[in-house]
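Shown here is one chain on its own, the form predicted on its own, set out as structure tokens.
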């Protein structure tokens, strides 16, 4: 099966070709530089960039892989959650190819695709607990198979990635700020008591990072010199002030230990031995270290994606699409985009048309 994956849920325009689970090629256009001057993603601008880039990226992918459009067996597209305008651009492109080439179409849950992405590099064992950590979501799942996901806990307010981004904005660090916080944290030892581990005084598996963000903002108000004067002068190679590095390290630790504690509860309550962590924030070095330490201590089998598979990519969409197609699950041209905040329906059909 030769599958095309299409990812346009936020600010990455990505296309990938997979054949029987093997990545043949992927092309991606990142809009980070365009949105960085605004300190975050501008939805209308992101949609226009997807529209501008999809067709040339598609031609580049075919040229790169030496394949023809007529060879495709399946088109998989991210249908949500994400920014509605961005998703609609990807769906429109996918539907056009599906109709024109008479190729089956399958819409993919972007979150589930993240958790299945490590399967492109290593074997996934089920049942498992899946921890998804990204800019918009912090979710825990019980995963019984590659198509059976049950939500155990979710963020009630800010996702962990949002907390990192808002923290960076409060410190006047460049966008995307999570990368800078993680790197600057490496220059200092964290203060265990500087920030709280939020929402751990309840047995719930839900998350809440707004309290951690508020604690950070209150700390900045007491220490205004932490706010950087000119983010344009800061690069990934910059050496941070020791006080700034200490705050970054302490915030990093608080977020990582909160995720670690909730994951431990989920593993104990579900009784599984396998753990999958995925999403953009899964690239954070402290979070990876804490989750790895937990799994070693509990004797769990941990699967982590490589750093390139942590961020939004089309290979994971194609991979998830292939899995669904093998189970006979497709969509017709009535497939709808699902923005963030709405539940993605399980509305697959058996008819490929």
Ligand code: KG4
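Every value quoted in this text rests on a predicted model; they were computed, and no experiment measured them. Positions refer to the first chain, counted from 1.
Below, we turn to the form predicted in complex with this ligand, even though it does not appear here.
This ligand in the predicted complex comes within 4.5 Å of no heavy atom belonging to residue 259. Contact check for residue 281: a non-hydrogen atom falls within 4.5 Å of this ligand in the predicted complex. Residue contact with this ligand in the predicted complex: residue 46 places no heavy atom within 4.5 Å of it. Of the heavy atoms in residue 80, none are within 4.5 Å of this ligand in the predicted complex.
With the partner omitted here, the stretch from 196 to 204, 178 to 186, 242 to 250, 84 to 92 that lies within 4.5 Å of this ligand by heavy atoms in the predicted complex is 178 to 186. Checked against this ligand in the predicted complex, the candidates 112, 167, 155, 134 yield a single residue with a heavy atom inside 4.5 Å, and that residue is 134.
When you look in the predicted complex, the only residue of 291, 310, 57, 323 with a non-hydrogen atom within 4.5 Å of this ligand is 310.
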